[in-house]
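This document opens with one chain alone, in structure tokens, the form predicted alone.
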């Protein structure tokens, strides 16, 4: 019994498992930053769609329509790569000489000096921006619908008090639309949380990648087979983790909806 406990204590606290535990922070950071950016992009897109100017409305509608039509995984792979190579091309126009371009054997970047070496932090930021862009398009439609649901009398009353168009937008319209938007935004948040399982596609050693590595059959030269295929057990841990995040998110959004619903008419969802 004591030998089994010692084995399991040493097994779950070895270096690889500690790295796996630490990788949970990447999922949390990507979800929080991606969610915050999705709200920013959603507010921007909804404001453009509500604009009096046709050009702005066209920009907002194009953003929400095109980005929502692109598969998440495809955009998740496209944007970081396009941004990275775009930066490298821009740098190459400044630092690459004819000799360095001729000496470059690889097809990209144009020269060695323009190569941009990305680490986990940079890829995590690009992943978060990708999440924000993709799900910001969904948030745009949610917020746009919520803004249209604000009673017109509230806006007319604000204008009657002499508020400018910008004051009506930020002090009345956007503040009152949250009670209508939060139920839809909670669904967008859940989608963002689930999409964090794609971080390994951007060379980030996240919880999914480590679960696959740790659960694979493990051999040691001195011991032999430590364990067979345990991947389903590690995936079960991730399953519980995401369910726990979902439960906590639901409680948080319920509290936010109660908060924003104070003083609103009874027919408005609280």
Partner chain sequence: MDGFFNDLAIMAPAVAFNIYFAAASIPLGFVMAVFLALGKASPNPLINALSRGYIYAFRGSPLFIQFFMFYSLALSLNLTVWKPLGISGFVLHPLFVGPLVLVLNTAAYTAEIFYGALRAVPRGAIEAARAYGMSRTQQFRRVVWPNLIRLAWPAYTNEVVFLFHATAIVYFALPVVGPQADLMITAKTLFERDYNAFLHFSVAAIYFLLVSLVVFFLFGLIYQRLMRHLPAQPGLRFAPKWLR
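Small disclaimer: the values here were computed from a predicted structure and weren't measured. Positions refer to the first chain, counted from 1.
What comes next is about the form predicted in complex with the partner chain, which does not appear here.
K.L.:
I'd like to know whether residue 243 contacts the partner chain in the model of the complex, with contact meaning heavy atoms within 4.5 angstroms.
P.N.:
Answer yes; at least one heavy atom of residue 243 falls within 4.5 Å of the partner chain in the model of the complex.
K.L.:
Please tell me whether any heavy atom belonging to residue 82 falls inside 4.5 Å of a heavy atom of the partner chain, as the geometry stands in the model of the complex.
P.N.:
Contact with the partner chain, yes.
K.L.:
Wondering, does residue 163 line up within 4.5 Å of the partner chain in the model of the complex on heavy atoms?
P.N.:
The answer is no: residue 163 has no heavy atom within 4.5 Å of the partner chain.
K.L.:
In the model of the complex, is there a heavy atom of the partner chain that lies within 4.5 Å of any heavy atom of residue 116, even though the partner is absent here?
P.N.:
Answer no; every heavy atom of residue 116 is more than 4.5 Å from the partner chain in the model of the complex.
K.L.:
Please identify, from 144-152, 126-134, 192-200, 175-183, the stretch that has a heavy atom within 4.5 Å of the partner chain in the model of the complex.
P.N.:
Within 4.5 Å of the partner lies stretch 192-200.
K.L.:
Work out which of 40, 236, 205, 33 lies within 4.5 Å of the partner chain in the model of the complex, going by heavy atoms.
P.N.:
Flagged contact: 236.
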